[in-house]
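First, one chain by itself in structure tokens, the form predicted on its own.
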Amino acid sequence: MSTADEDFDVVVIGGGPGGSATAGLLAKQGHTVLVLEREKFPRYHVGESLITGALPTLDDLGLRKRMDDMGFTKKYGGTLLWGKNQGTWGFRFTESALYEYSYQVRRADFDALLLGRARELGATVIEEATVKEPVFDGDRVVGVTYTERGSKDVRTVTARYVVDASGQNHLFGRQFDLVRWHEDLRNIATWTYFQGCRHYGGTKAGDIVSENRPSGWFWFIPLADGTTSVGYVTPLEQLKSSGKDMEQLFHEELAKTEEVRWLTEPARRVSGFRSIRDWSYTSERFYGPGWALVGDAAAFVDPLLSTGVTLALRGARALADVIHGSLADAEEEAPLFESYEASYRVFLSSVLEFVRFFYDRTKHKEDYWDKAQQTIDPQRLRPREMDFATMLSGLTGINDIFYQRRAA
């Protein structure tokens, strides 16, 4: 093992939502934490639509009021043109009973808020720092090496635990060959931004709109700066068989929509197109000796239900508790991390199962309600519409699926 330049309780690789939240919560509990972030914040990122499942972690970090003060668009639910031709329908977060609204956010601002909060809570954050590789003592990860922008010096930092929150860079996923793709959800998305769109009134003004097409679907996400994120998702195989590029397919499919076409009709496009592919995967393991994965580094479910940030923040909340408990009592490490992975997989499985069902657009809305009820409320203790809203809020089993928080 090489000589360390510094030593911390925890090193977190990546300053996105999962990394920042894990670091902030651990620093809040008195641990020494180093965050190594490859980029300089604020930086662009897709994934602007938050569901209420993300809010408990934001409460823990003391950020809910700041989010209101920053003027993020309040999202009270979603509007759908989905399934058999029944017109628009949707859901309200109030039906899930815990939170009235979530947010549509510019991720550059949201992510910078989270990273800044980690600093405020005591984490050391180094931006423009590229992690090179893990440092081992036997088979246990005990640190990482990294370089800072503008310097050729390779620095070594040691820690009791290293958290990989590197997102879809999959630093440890590549190191340990962990990433397993969901072949039936290998999609590609392209998106851009419009200004001057029509919007709904009242509490529907901030709705995400999801409209299906025969071979894909559109999202419509209104942001507080007057722009709207509009994206199209389709299977990779569909794109290849069409013989078209994604921009051409976007325009052709947009012209055939009903709701999204009406909403964007008076608007003009005010940015270029961006694309991303192969969005759905799960890592074979979420932890090992001295290390753990969180957020997109662990898994990502198709963007259909806007679960990305929620998975990152709920995972961070659980992982911070697990690491806190393990730092206090090393003998607890194995059962705590086992519980973390098991609960993470239960939550992922429920979301994946529902996403796959939801992609069958031959169903009626009542079928989707019934599926949500079968998934999270098989005893039918609540109305099926409420179960559907709970499923789409990301709050499924919040008191029993994810790791039960340890008493302080």
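When you see a residue number, it is the position in the sequence shown, counting from 1. In this text, all values refer to a predicted model and were calculated from it rather than measured experimentally.
The same protein also has a form predicted in complex with a small molecule, omitted here; what follows describes it.
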Would you point out which of 317-325, 262-270, 304-312, 332-340 contains residues with a non-hydrogen atom within 4.5 Å of the small molecule in the predicted complex? 304-312
Work out which of 157, 246, 171, 223 lies within 4.5 Å of the small molecule in the predicted complex, going by heavy atoms. 171
Which one, 130, 86, 175, 212, lies within 4.5 Å of the small molecule in the predicted complex by heavy atoms? 130
On the criterion of a non-hydrogen atom at 4.5 angstroms or closer, are 46, 166 and 219 all touching the small molecule in the predicted complex? yes
Residue 24: heavy atom within 4.5 Å of the small molecule in the predicted complex? no
Should residue 287 be classed as touching the small molecule in the predicted complex when contacts are defined as heavy atoms within 4.5 Å? no
Mark residue 394 yes when one of its heavy atoms lies within 4.5 Å of a heavy atom of the small molecule in the predicted complex, and no otherwise. no
Taking the small molecule as it sits in the predicted complex, is residue 91 near enough to touch it, meaning that at least one heavy atom pair lies within 4.5 angstroms? no
